[in-house]
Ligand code: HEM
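A single chain, nothing else alongside it, follows as structure tokens in the form predicted on its own.
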């Protein structure tokens, strides 16, 4: 049995955005501060990150309202537990990453609101604070590694079930 079409669409849209945001985020954090394109990428990164935050809430509501297939019967108990743990880490890190990014923007003294591609501005939700900006920056940075690690485990599980297990355990088929 497949996941609902709405869950599959949200999953793949978020996956594409998150992979792009991770790549751009690591690129921005590792290039010279004087690089010509570094600060051109920030507004795009912030806007897409906020979209991921909103999609996170859509995903939660959609998941609660949708039928979620039970794990394939051929999976070992430890595989199911590990899957639930990895999915939990993914959810926590997706939210932490997007929310800490929004909070970094909200607490940063040199911007007012979050410009969404020049179409509208999402207002700040907290006072400007160098101290809290540093805290949210640290959370954002460390959560990036948690998110990457969780994604690696998630993808390793998908590959294992696709290519090393019997076809009944192919979890990817349920999400495409």
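Numbering follows the first chain given and starts at 1. Everything numeric in this text was worked out from a predicted model, so none of it was measured.
The same protein has a further form, the form predicted in complex with protoporphyrin IX containing FE, not shown here; the description that follows concerns it.
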{"item": "Close approach of residue 128 to protoporphyrin IX containing FE in the predicted bound form, 4.5 Å, heavy atom", "value": "no"}
{"item": "Partner contact for residue 37 in the predicted bound form: protoporphyrin IX containing FE, 4.5 angstroms, heavy atom", "value": "no"}
{"item": "Residue 112 within 4.5 Å of protoporphyrin IX containing FE in the predicted bound form, heavy atoms", "value": "no"}
{"item": "is_contact(residue 90, protoporphyrin IX containing FE) in the predicted bound form, heavy atom dist at most 4.5 Å", "value": "yes"}
{"item": "Contact at 5, 65 and 78 by protoporphyrin IX containing FE in the predicted bound form, all three, heavy atom at most 4.5 Å", "value": "no"}
{"item": "The unique member of 135, 122, 58, 28 whose heavy atoms fall within 4.5 Å of protoporphyrin IX containing FE in the predicted bound form", "value": "28"}
{"item": "Stretch 100-133: residues contacting protoporphyrin IX containing FE in the predicted bound form, 4.5 Å heavy atom cut-off", "value": "101, 102, 104, 105, 114"}
